[in-house]
Structure formats: structure tokens, C-alpha cells
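The data below hold one chain only, encoded as C-alpha cells and taken in the form predicted on its own.
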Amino acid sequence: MTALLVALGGALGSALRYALGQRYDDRWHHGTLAANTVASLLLGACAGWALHGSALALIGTGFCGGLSTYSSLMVQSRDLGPARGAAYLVGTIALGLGAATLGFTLAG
């Protein structure tokens, strides 16, 4: 049952990430940035709510895992070149940490 919940959450998260990328990724990759930030916010909230079992499998592991895309982040950072790529990478990580902290704080 847990594997099915992870797969369902992953399918939903991946579909949302794909839609964000198709709609908002341009020269600066706003869709990927939004996907990673929202996934970090939700994962922080999952930690704040102390989710476990089926809820954590569906939302934390499945949905957030499917929504976030750090492999795309790395490829896009490389494609932007050294200065812009580093800014994009550092900005995404900073936003992700801030969003996770906000999610944890709001949920607690």
C-alpha cells in the first residue's frame, strides 16, 4: 500500500512540475524554481506536522519527491554559465531552506 501511495503522490507531483516547467521556464527557469520552493515548503510543513505512515508516503515522499527536481536544477545551472548558474543555484537553495523553515514554523 505504501508503494502505491508514493507512486500516486509522485505522479501528481511530477505532473505539476512538468506543467510549471512548460509554462514558466524560460531563460531564467522560473517553473523549476517554483517547483523546488513549493516542494521545500510542503516538506517543511510535513516535518512540522510530524506526518508519518500513509500521509508521509503520499505527500512527503511521493508528491514532494515528484515535484522537486534537483537534477534539472543542476543541468539548468550549468547551462546558464558560471556566474548566472551559481546565482541560480545559490538562490534556489536559499529559497528552499527558507521555504522549508517557513513550512515547519507555520505547521508547528
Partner chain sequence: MTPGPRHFLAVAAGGACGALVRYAATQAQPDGAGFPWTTFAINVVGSALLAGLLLLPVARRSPVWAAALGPGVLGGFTTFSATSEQVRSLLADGRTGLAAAYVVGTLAAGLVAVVVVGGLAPSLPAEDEL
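Numbering follows the first chain given and starts at 1. Everything numeric in this text was worked out from a predicted model, so none of it was measured.
Although it is not shown, the form predicted in complex with its partner chain is what the next lines describe.
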(message) Is it the case that residue 106, even though its partner is missing from this view, gets within 4.5 Å of its partner chain in the model of the complex, heavy atoms only?
(response) no
Exercise. Is residue 55 a contact residue for its partner chain in the model of the complex, using a 4.5 Å heavy atom cut-off?
Worked result: no
Q) Would residue 30 count as touching its partner chain in the model of the complex under a 4.5 Å heavy atom rule? A) no
Does its partner chain come within 4.5 Å of any heavy atom of residue 19 in the model of the complex? yes
Of the residues spanning 17-49, the ones with some heavy atom within 4.5 Å of its partner chain in the model of the complex are 17, 18, 19, 21, 22, 25, 32, 36, 39, 40, 43, 44, 47
